[in-house]
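Next up: a single chain in structure tokens, the form predicted alone.
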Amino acid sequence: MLSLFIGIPLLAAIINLLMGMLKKRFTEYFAIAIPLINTVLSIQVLFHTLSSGVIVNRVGGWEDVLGIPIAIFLIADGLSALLLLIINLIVLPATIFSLKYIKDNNLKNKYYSLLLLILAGVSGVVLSGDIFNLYIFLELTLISAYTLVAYDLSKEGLEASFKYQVFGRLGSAFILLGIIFLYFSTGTLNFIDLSRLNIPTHISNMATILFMVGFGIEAGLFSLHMWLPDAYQNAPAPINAISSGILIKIAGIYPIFRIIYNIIGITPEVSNLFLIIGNVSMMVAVLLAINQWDFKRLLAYHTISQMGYVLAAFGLNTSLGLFAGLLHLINHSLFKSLLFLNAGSIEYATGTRNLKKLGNLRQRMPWTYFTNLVGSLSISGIPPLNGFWSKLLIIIASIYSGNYLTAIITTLVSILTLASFTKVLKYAFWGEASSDINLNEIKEVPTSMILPMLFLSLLCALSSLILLNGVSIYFNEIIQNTLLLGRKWSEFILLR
């Protein structure tokens, strides 16, 4: 069953590319069907892992090739099953949003095929049972993302794509070096086997550094983020939603989390490194965001800042900290995807993302205004929306672990985030428009763009209600069964 999450989008990408050349309308609705199917499958997988345990699928393998036993496993525990669901819940509305947003009919089949390749790639990263195949699926995802950044073939888009590729290739090189170090030291790359071994300290230290730099680049962590603002500024809004909502987490944060906690093991030094990078990312990126006037670029810097929350929570190295970090990662997927679709909606209706030129859109675009208000309040940590609960848990976890500086920084950054999005609301929706904008010509975006924004707004509210009603025990169960109680990879339970 797990192989379907990869196989269906891969096959669909090829069919979509070929059929789209013959029938233009086919490519749009066919592309929507794939994440819809995968959403249904991911719900089944999530309930199975919660009720019956981990799913293991041996996809293929060869015994004793050149003296090396090789087998390819796909593994879904509670965490990967939950992330599969989130992936498809983001890709589905982004694909629907693309129906009207992507206007060039001659390129639509290529656009949707690349989008489906990203879906296959991130699903493969989440399900991979060994580091090398995780790397292969990561490469598939990144190559598709590079291409989509330059979708409009503008000078700025091509430049941003080139910069993304340069940094992405550099990150991939560091990751590959880390894989080589582990393999030549242990003779295996399988997660299960590696978790049973006592990796020499000098090898684990070197691998940790290489993986932190490599995956840190893909995650856009501060000081490794130089590609991210330009890439997000020039990519189509639905791709921004997928990149910020899914890609930087699955390509960057998730592998760091899996490898450090499940294989190498977190040390006080690594924990402190997480805290330092996380706190610096939070503070510096939010200060950079406040000064931005391009809506997408502002959101790009907030992506860096919000990933700082997650990394700092991981650095606390407590059960509550890990829970809070993963919860914020999931919440961020929802509200940041929503905000990027809002930016695309504004650009579609007005032809600009410059906040100085916008104004009074709440009357002309009421649905966009409402959904942007939901996203802005959520990312700012205003109760009762979902962003409030994960930020609150990070602050509580910081206080309980004695990391008062992290608690203070988290609170301060939330206030600055609120100030940043108050600026967005003031200039885009409340203030007076510049003379460059004719409000009489502006109208709300088509229904196919409104519905995805409403859907994500509903998810932001529903996930908050779930927490309010105590069903977060299921999330806690996922974390406990994935990470904290002992090393039981041999029983296909990821614990350390």
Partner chain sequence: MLIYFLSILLLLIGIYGITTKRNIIKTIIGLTLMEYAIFTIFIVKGYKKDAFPPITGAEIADYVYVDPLAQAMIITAIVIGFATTLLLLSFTVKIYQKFKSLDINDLKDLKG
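Everything numeric here is computed off the predicted structure, so don't read it as measured data. Positions refer to the first chain, counted from 1.
The following text describes the form predicted in complex with its partner chain, which does not appear among the structures shown.
A.B. asks: Quick check on residue 155: any heavy atom within 4.5 Å of its partner chain in the predicted bound form?
C.D. replies: It does: once its partner chain is placed as it appears in the predicted bound form, residue 155 has a heavy atom within 4.5 Å of it.
A.B. asks: Please run the contact check for residue 139 against its partner chain in the predicted bound form: heavy atoms, 4.5 angstroms, yes or no?
C.D. replies: Residue-level check for residue 139: yes, a contact with its partner chain.
A.B. asks: Could you tell me if residue 193 has a non-hydrogen atom within 4.5 Å of its partner chain in the predicted bound form?
C.D. replies: Outside the cut-off, so no.
A.B. asks: Does its partner chain come within 4.5 Å of any heavy atom of residue 85 in the predicted bound form?
C.D. replies: Output for residue 85 is no: heavy atoms all beyond 4.5 Å of its partner chain.
A.B. asks: Exactly one residue in 177, 382, 425, 273 has a non-hydrogen atom within 4.5 Å of its partner chain in the predicted bound form; which is it?
C.D. replies: The residue in contact is 177.
A.B. asks: Using a 4.5 Å cut on heavy atoms, which of 99, 170, 199, 213 is close to its partner chain in the predicted bound form?
C.D. replies: Selected option: 170.
A.B. asks: So which of 290-298, 86-94, 394-402, 316-324 is the stretch with heavy atoms within 4.5 Å of its partner chain in the predicted bound form?
C.D. replies: The contacting stretch is 290-298.
A.B. asks: Check for me: heavy atom within 4.5 Å of its partner chain in the predicted bound form, for each of 349, 429 and 432, yes or no.
C.D. replies: No residue of the spot touches its partner chain in the predicted bound form.
A.B. asks: Listed by sequence position, which residues of 230-252 have a non-hydrogen atom within 4.5 angstroms of its partner chain in the predicted bound form?
C.D. replies: In sequence order, 230, 233, 234 come within 4.5 Å of the partner.
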